[in-house]
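Below, in structure tokens: the form predicted on its own, a single chain.
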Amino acid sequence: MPSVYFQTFGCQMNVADSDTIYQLLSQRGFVISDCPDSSDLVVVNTCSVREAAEKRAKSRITEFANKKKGRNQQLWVTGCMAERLGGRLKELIKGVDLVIGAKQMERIGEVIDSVLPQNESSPAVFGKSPVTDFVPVMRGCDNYCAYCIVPYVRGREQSVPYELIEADVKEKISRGVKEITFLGQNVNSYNNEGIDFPDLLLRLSAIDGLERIRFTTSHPKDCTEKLIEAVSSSNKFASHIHLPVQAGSDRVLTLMNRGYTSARYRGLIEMIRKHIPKADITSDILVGFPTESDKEFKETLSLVRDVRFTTAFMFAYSPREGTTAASMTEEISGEQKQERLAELIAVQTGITRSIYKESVGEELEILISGRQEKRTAAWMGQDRGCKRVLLSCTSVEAGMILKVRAVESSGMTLLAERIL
């Protein structure tokens, strides 16, 4: 049987897209491979959100292309960088056989049909945890944040009809999935035939066998009290809200075209904690945006200290061709950006360690995702928020939801004992 190797860069949407591609390939007789050199097909799913992500992807694609010379191996490139560069990729990297842009995911079955015949094999399961999975509920973005290339490579917002989402969820539950993360570039702006995102979540929570629900990524402008009330209405919903703030300065937020102020964002945090007191709130933060002053950077640090995110994804700004910010004059040196990023990371790391330490002694409900590598009695799990938990225990299986007590913190992981 032919084999396929996947290299996936970027966000959870890309992980879900790789899964979709593999499901289609499995219907054509392909099996998953963990060795790119011996596989018949290599698929590289790329990210274009930051320059560094593109550089890593190009380097890996070039490596695959060089190794395949003289061998009968196909090399496909998909995802956001594939959309941005299109056919130029084949000119930049000789050996790429097929370029599948992110926007083509809407008709990926047709694309694969055009190059591969379909067999009657049963769909296989992509190689990842069997108890957690992703389901895209919408694609694209209409926000056009000044720094972001996503609307250009993913297209305008399109919400998936409820019936298709429900069918996808039930199929995954039939395979043993217990927890599903619903995905969208701007997931909480979902709206299809009068069903908004809170309505969607409540409908999905009624599906038997779905034990835990997460979603990402939420935009503050679409974070409503109706949504938070829906999340607080059932234990099926994780106590975790990912709400990217990006900056703490109102002027910078306006330049970014984010559509809210620092005060509005802080108000949302208060509202979330009113309804979900123990919620883990996480964020994305961007430093060094064009013209950001030292004072404005300090405003971001102040917001981070006040909000106390459990964790955050933190980045230094890099221009992306075609975005509004790419035409702005760069007034901040690369060295200054890295200094600000390092200071931000130090502040947030201290907060994260403090939050984990404060959790010691608490009773937690964790979903076991699998064994810790090379330790048969050590199991990894996640609490109802976003904290990683390590449990040393026997008579445990992946997919179990257990009551435990946190007894120690390593800083970024809680060590726990089972409550019998």
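So that there is no doubt, residue numbering starts at 1 and follows the sequence shown. For clarity, every value in this text was computed on a predicted model and none was experimentally measured.
A second form of this protein, the form predicted together with a small molecule, is not displayed here; the remarks below concern that form.
Contact check for Y317: a heavy atom falls within 4.5 Å of the small molecule in the predicted complex.
In the predicted complex, the small molecule sits within 4.5 Å of a heavy atom belonging to R50. Looking at Y265, you'd find every heavy atom of it more than 4.5 angstroms from the small molecule in the predicted complex. D284 belongs to the set of residues with a heavy atom inside 4.5 Å of the small molecule in the predicted complex. This chain lacks the partner; the member of S249, Q348, Q246, N188 within 4.5 angstroms of the small molecule in the predicted complex by a non-hydrogen atom is Q246.
Contact with the small molecule in the predicted complex, defined as a heavy atom within 4.5 Å, holds for exactly one of V231, V137, C148, V96, namely C148. Residues within 4.5 angstroms of the small molecule in the predicted complex, judged by any non-hydrogen atom, belong to 308-316 and to none of the other stretches in 308-316, 96-104, 169-177, 188-196.
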